[in-house]
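Below you will find one chain, with nothing else, as structure tokens; this is the form predicted alone, and questions on how it binds or moves follow later.
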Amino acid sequence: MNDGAKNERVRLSAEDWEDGALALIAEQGVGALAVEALARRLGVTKGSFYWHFRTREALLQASLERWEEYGEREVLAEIERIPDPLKRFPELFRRVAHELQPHRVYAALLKALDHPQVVPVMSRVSQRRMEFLTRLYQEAGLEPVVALHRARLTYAAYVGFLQLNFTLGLPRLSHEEFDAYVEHMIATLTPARSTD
């Protein structure tokens, strides 16, 4: 093995390839993910890829699982640690609103729902997010059926916003307009504190 190939293997981890794949998916979609193009983008040879993955499909699967895990570990778990159920909503909405890369990946995956590797991941992610939102609304005092409806409305607002902005390419909001929109979402979708 020559030193160049050894250095590439040491320098790039499987996680580096996964992150690169997610960035490429976010920018150009699932169909654009190709080993050679990604290797060029990462500044290494294709051989470096094969130290970590056997196929493009293996990289795609690992990348999707990494994206899925990030949402669970970094976002949902942190929100659950907030003791006051009503304070969770503003934190959730603000946190999610400013996570641009995961939004772009999600929007790209929405366009690839005919891909056999994407469908199960999106199904799991959507199911867990709906369960999470429903639980948050119940813990905030809403009856189970109302909590489920509010969770659907909240999740639909998120997916719809991504579709409008990333898929349909509506004019971008300025930072001020976007922040005002997020604050409106918080005011509209956060349950009122009970006066009991």
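Just so we're on the same page, rigid core means the largest C-alpha set that superposes within 1.5 Å between forms. From 1 onward, residues are counted along the sequence shown. Here the structure is a predicted model, which means the values were calculated and not measured.
The form predicted together with the DNA is left out here; the points below concern that form.
Heavy atoms of every residue among Gly43, Gly47 and Trp51 are located within 4.5 Å of the DNA in the predicted complex. In plain terms, the part of the chain that comes close to the DNA in the predicted complex, with a heavy atom within 4.5 Å, is 29-37 out of 62-70, 125-133, 29-37, 156-164. Only one of His175, Arg11, Arg172, His184 comes within 4.5 Å of the DNA in the predicted complex through a heavy atom, and that residue is Arg11. In the predicted complex, Arg56 approaches the DNA with a heavy atom inside 4.5 Å. If you fit the rigid core between the shown form and the other one, you'll see the Cα of Asp16 move by 2 angstroms or more.
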